[in-house]
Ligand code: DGL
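Read the single chain below, which is given as structure tokens and is the form predicted on its own.
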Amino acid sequence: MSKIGVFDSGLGGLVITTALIKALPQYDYLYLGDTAHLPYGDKTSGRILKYTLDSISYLIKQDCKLIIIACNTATSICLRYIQQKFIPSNAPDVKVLGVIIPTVEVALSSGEKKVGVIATQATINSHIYQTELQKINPNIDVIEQATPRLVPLIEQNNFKEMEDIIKQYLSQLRGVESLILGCTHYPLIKEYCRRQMPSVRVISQDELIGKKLKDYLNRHPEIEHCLTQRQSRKFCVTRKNIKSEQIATQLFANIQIEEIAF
């Protein structure tokens, strides 16, 4: 079976997978969360690249013909290298896509002049959102805020502390007209953000990625024809975690998560 693979540093990417399955339920999906090495946001670029290449290689071996890197950190650090170097040399029939460009396209669609971004430290350090936003609109004002405490709390299913911490982070983004949630985990806290910034357009990747992938497949029938349509779903992690699996069960009823080793 030629599957759609979805890769994330943890189980936050299941939110993206849920959105993809809702939009495109006919295809076969394989999810891989590299929970043994999360969070990626505090790792060096070299480590992030190694972990991402290991995960992409695994998905390729499992016959994934289209791979979505749901992790913003991995996208910002690794996607260009994977698309330009790794895939042409190792799996030229596979397509690998990220989540940042589709998010930027949506962020620019309403004409706001001041955009905030919250993301992991590594994503913020890369300035990928600022670069891509200003590449299209050089006059846009981009304010970036690293939010390193959020992913660990989400993966631990600890939402009790979340609202106060989000409030502290968002207080640094006064005056923004829209807010990009630049991490795959952050759709799980989008309502917290909307409560804190009720007049700001909050851009959450789970709300855009399904439509974007559908559009992509419509424009690339040669890829769509390679994907089998048996509605199979498989979920894998590199290390099991009871607390994060509690989140997974909220997204997929009766989910079975398999621990794998490369």
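Counting begins at 1, following the sequence as shown. As the structure is a prediction and not an experimental result, all values here were calculated from the model.
Missing here is the form predicted in complex with the named molecule; even so, the following discussion is about that form.
The named molecule is not shown here, and in the predicted complex it never comes within 4.5 Å of any heavy atom of A107. At a distance threshold of 4.5 angstroms between non-hydrogen atoms, C183 is in contact with the named molecule in the predicted complex. At the 4.5 Å threshold, heavy atoms of Y51 stay clear of the named molecule in the predicted complex, well away from it. The shortest heavy atom separation between I166 and the named molecule in the predicted complex exceeds 4.5 Å. With the named molecule left out of view, the stretch that reaches within 4.5 Å of it through heavy atoms in the predicted complex is, among 131-139, 118-126, 171-179, 87-95, 118-126. Checked against the named molecule in the predicted complex, the residues I77, V151, I82, I189 give one hit for a heavy atom within 4.5 Å, which is V151.
The single contact residue among L38, L66, V237, L59, judged by any heavy atom lying within 4.5 Å of the named molecule in the predicted complex, is L38. Contacts between stretch 1-25 and the named molecule, counted in the predicted complex as any heavy atom lying within 4.5 Å, involve D8, S9, listed in sequence order.
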